[in-house]
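Single chain ahead, by itself, as structure tokens, in the form predicted on its own.
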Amino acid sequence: MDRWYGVGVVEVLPVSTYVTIVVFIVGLIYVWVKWSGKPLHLRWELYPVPHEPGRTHYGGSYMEEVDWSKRKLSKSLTEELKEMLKEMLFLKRVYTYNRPLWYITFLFHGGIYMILLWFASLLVYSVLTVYVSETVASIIMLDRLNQFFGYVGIFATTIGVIGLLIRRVADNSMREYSGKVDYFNLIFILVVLLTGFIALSVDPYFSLARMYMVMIVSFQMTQLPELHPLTILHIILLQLLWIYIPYSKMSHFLGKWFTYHKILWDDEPNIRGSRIEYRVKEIIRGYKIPWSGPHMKKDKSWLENASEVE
């Protein structure tokens, strides 16, 4: 696998890395725009709502106030973000409602966050080295941090992904709602991690990884480090994973914003002339139902279905 049609694989890697970055970013933007344009959801309005200042601790609502509809609502986006971070970083609800699963999934997600920090430390080190000074990067010990994040991340994520695979197979309740794509995603990640261990055995201090990132940041294709074939395989698989993420269920991290801010905590009142009223009418009259049933006809609006009821 050293050369493809006279072109060295190593020479192709920088170009494929840039393509991967572009496809990943475009994919995330596509998913965000797609979800943002979805019809109005069925609002839960479950309390406590974090953006209610002074009422979160007892689950109150602005509707307690007299003439609340005549006042401008006060919301705290900061409090929402704090609550979201508890869920995203520490998996708060899994910890509360399914403690045995939490130990495994926290290792998995925590390991992924450490790998992301590994990428970030590589990027910062490379930017400082190329555009500021390698001495500055050494002073703040980015190489040591890089090693710490890398080792903790790959070990934690590997243990977590193996644990999740075993749990999906052994736990009847999880096996019932686990599809083929769920197993594929976990196995794909595991294969990338296992090839990562091989790459790690060749480059235990991430020296080659830093050289490669410096080359990417500096756009100097002529300064390619010599890479082991298995390291090249790992890079290719890693790039494929990054390309795959935005278009798969693994993009659910973007969905946190919509799930919490737009569904779970959206308590904007539906009053005459409001944005909510307009969107409700838009769905009733214009949204075509993509599914069918004994009581509903496909590709007709809610209003059309309701008018046909005898």
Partner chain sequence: MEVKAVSRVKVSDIGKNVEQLVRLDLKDLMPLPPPYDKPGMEPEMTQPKDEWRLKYATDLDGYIGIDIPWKPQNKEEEELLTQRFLEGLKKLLSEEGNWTFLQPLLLSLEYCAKCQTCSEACPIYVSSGRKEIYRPTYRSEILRRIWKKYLTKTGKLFSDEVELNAKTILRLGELAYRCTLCRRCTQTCPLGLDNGLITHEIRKLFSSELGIAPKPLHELGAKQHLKIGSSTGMTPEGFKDIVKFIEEDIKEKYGKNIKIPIDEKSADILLIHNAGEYLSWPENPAAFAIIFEEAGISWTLSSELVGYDAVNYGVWYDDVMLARIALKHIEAARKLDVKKIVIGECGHAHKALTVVADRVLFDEYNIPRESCLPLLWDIVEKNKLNLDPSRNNFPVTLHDPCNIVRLMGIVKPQRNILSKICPQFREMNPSGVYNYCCGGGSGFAIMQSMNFPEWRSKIASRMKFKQILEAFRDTVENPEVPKYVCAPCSNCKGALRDTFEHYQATSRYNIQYGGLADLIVNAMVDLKTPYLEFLK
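Rigid core (definition): largest C-alpha set, two forms, superposition within 1.5 Å. Residue numbers count along the first chain shown, from 1. What you see is a predicted model, and the numbers here were worked out from it, not measured in a lab.
The same protein also exists as the form predicted in complex with the partner chain; that form is not shown, yet it is the one meant from here on.
Here is the short version: of Ser138, Asn98, Ser76, Gln220, the single residue with a heavy atom within 4.5 Å of the partner chain in the model of the complex is Asn98. No member of the trio Leu81, Tyr103 and Ala120 reaches the partner chain in the model of the complex with any non-hydrogen atom inside 4.5 Å. Checking 130-138, 189-197, 150-158, 67-75 against the partner chain in the model of the complex, the stretch whose residues place heavy atoms within 4.5 Å of it is 67-75. Contact annotation for Ile21: none of its heavy atoms lies within 4.5 Å of the partner chain in the model of the complex.
At a distance threshold of 4.5 angstroms between non-hydrogen atoms, Met296 is in contact with the partner chain in the model of the complex. Though the partner is left out of this view, Val202 does not reach within 4.5 Å of the partner chain in the model of the complex, counting heavy atoms only. Contact annotation for Leu85: none of its heavy atoms lies within 4.5 Å of the partner chain in the model of the complex. Shown here without the partner chain, the chain has Ser248, Lys249, Ser251, His252, Gly255, Lys256, Phe258, Thr259, Tyr260, Lys262, Ile263, Leu264, Asp266, Glu268, Pro269, Asn270, Ile271, Arg272 in 241-275 lying with a heavy atom within 4.5 Å of that partner in the model of the complex. If you fit the rigid core between this form and the one not shown, you'll see the Cα of Leu28 move by less than 2 angstroms. Annotation for Ser16: C-alpha shift under 2 angstroms between this form and the one not shown, rigid core superposed.
The two forms, fitted on the rigid core, differ between this form and the one not shown by 2 Å or more at the CA of Tyr278.
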